[in-house]
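Here you get one chain, nothing else, as structure tokens; it is the form predicted alone.
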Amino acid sequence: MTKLSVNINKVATLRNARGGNNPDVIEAARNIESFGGQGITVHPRPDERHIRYQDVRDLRPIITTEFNIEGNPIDSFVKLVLEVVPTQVTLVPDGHDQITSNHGWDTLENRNFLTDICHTFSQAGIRTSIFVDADPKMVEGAKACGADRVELYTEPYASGYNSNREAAIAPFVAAAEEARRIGLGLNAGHDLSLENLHYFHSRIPWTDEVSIGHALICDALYMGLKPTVEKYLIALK
């Protein structure tokens, strides 16, 4: 079964736009879990423009499913993850000024660095996933770094879905098959939506987890959070 992990960054973005604590990211996480969500994802950035480091600390004791923390493993991020000890950490090569993630790691060029980071988190009992483009070589490189999983960066699939979904999915199937061949767990995320999720899952049903935030929260503005989470869960069946 493919788990749905809901990224709640956009809930924090809305809160931060006005100040105060409305909407409450803690309550949002509780609700998502009660509606059937099987994980909560956060991506704290150094400028704390959405999820703040303190949010991560506050979320840890209330999450009853899986807790996934994404981010660039700079020193402050590594310290936070080791303090909180989530179920999973996803290593993402974000620049400090990026609006959103837009590429995966070169696991060959950054092998020494990523190997050290994976070892650090593994010693703490934290599952480690490396964010990669849909390239079998990058998947194989993640395995060599000691990662437990890879997360495929799915924006190219989402952007090509409407014009030619078969061509759009092809490199992801190849990368996913390589992950399965070498014994790596498989996650996916970025711009997955109700429009394209079911087809992705039908072609790569051995995906362990999808992490979805922006599209899901946007859908929830129109449909409500509970029906939206339920629809995404149906798309994974």
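Small disclaimer: the values here were computed from a predicted structure and weren't measured. When you see a residue number, it is the position in the sequence shown, counting from 1.
FYI, the form predicted in complex with a small molecule isn't displayed, but the following is about it.
Listed residues L197, A29, A176, I212 were compared with the small molecule in the model of the complex; I212 is the one with a heavy atom within 4.5 Å. Interface residue among E33, D191, D208, D55, judged by heavy atoms within 4.5 Å of the small molecule in the model of the complex: D191. Only one segment in the set 168-176, 59-67, 182-190, 200-208 has residues whose heavy atoms sit within 4.5 Å of the small molecule in the model of the complex; it is 182-190.
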